[in-house]
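Below you'll find only one chain, the form predicted on its own, shown as structure tokens.
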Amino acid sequence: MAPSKKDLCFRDLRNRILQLDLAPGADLDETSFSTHYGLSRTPLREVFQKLAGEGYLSIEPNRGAVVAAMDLYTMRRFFQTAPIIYAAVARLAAEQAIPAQIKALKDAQTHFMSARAASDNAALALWNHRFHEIIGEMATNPYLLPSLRRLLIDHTRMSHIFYRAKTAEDSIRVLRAAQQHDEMIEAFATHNAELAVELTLDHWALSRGEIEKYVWPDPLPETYMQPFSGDSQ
């Protein structure tokens, strides 16, 4: 069965948010989006409500739909919470993984590696998102999965910096992340919960420094930092 216009709109808006095509905090104008997706306002608002329920948007009085913010308060909580949720999810996933889920994880990794070979940073971020979402589904915990999915929204938006390899060192980090995916799959397949948690935290540590660059911009050039020495006429 072909997806409906609403389904296509939902998927496209979700991916545009994850790819930063729609910036954090941006207002979504109903008129322009209705025209773009060929939807009347009622089904479009239903899409917005669904996206808001999953954490991609917020619906604000007198303002309408707004892309979920990534302000300092949000980022502080992200960095505090992410390793706790990731570790808990990894442990449960390793304990409860079934063969069909391991296959889905391997399939996601195949797509991830194809994106890496093609240097497709956007696809890398999206397939990394799906890889970790599958781990959350493997954990089968109704309390942790919504938290994980909310974390992954911001993690994916920031991870574009991680995958934008500019130096040999950056490329090595991306390669190591891909290798860690394979190691994590093996830990899940063998139900090795302790190793799964260890690998997950190593994986988080590998990306954390690069992800933090989203929050902390590059410093100004030294010429801008020098004291003004001109004549004050």
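Start at 1 with the first residue shown and count on from there. If you're wondering where the values come from, they're calculated on a predicted model, not measured in any experiment.
One more form of this protein exists, namely the form predicted together with a further copy of the same chain; it is left out here, but the text below deals with it.
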- Task: Quick one: from Ala108, Leu151, Ala115, Ile102, grab the residue that has a heavy atom within 4.5 Å of a further copy of the same chain in the predicted complex.
- Result: Leu151
- Message: Within 4.5 Å, heavy atoms only, one stretch in 171 to 179, 193 to 201, 48 to 56, 31 to 39 touches a further copy of the same chain in the predicted complex. Which?
- Response: 48 to 56
- Task: Give a yes or no on whether each residue among Arg16, Gln19 and Gly64 has a heavy atom within 4.5 Å of a further copy of the same chain in the predicted complex.
- Result: no
- Answer for Thr156 alone: is it within 4.5 Å of a further copy of the same chain in the predicted complex, judged on heavy atom distances? no
- Task: Using the partner position in the predicted complex, report whether Ser119 sits within 4.5 Å of a further copy of the same chain, counting heavy atoms only.
- Result: no
- Message: Under a 4.5 Å heavy atom criterion, is Phe78 part of the interface with a further copy of the same chain in the predicted complex?
- Response: yes
- Message: Residue-level question: is Pro146 within 4.5 Å of a further copy of the same chain in the predicted complex, judged on heavy atoms?
- Response: yes
- Message: Suppose contact means any heavy atom within 4.5 Å; which members of 60 to 76 contact a further copy of the same chain in the predicted complex?
- Response: Tyr73, Thr74
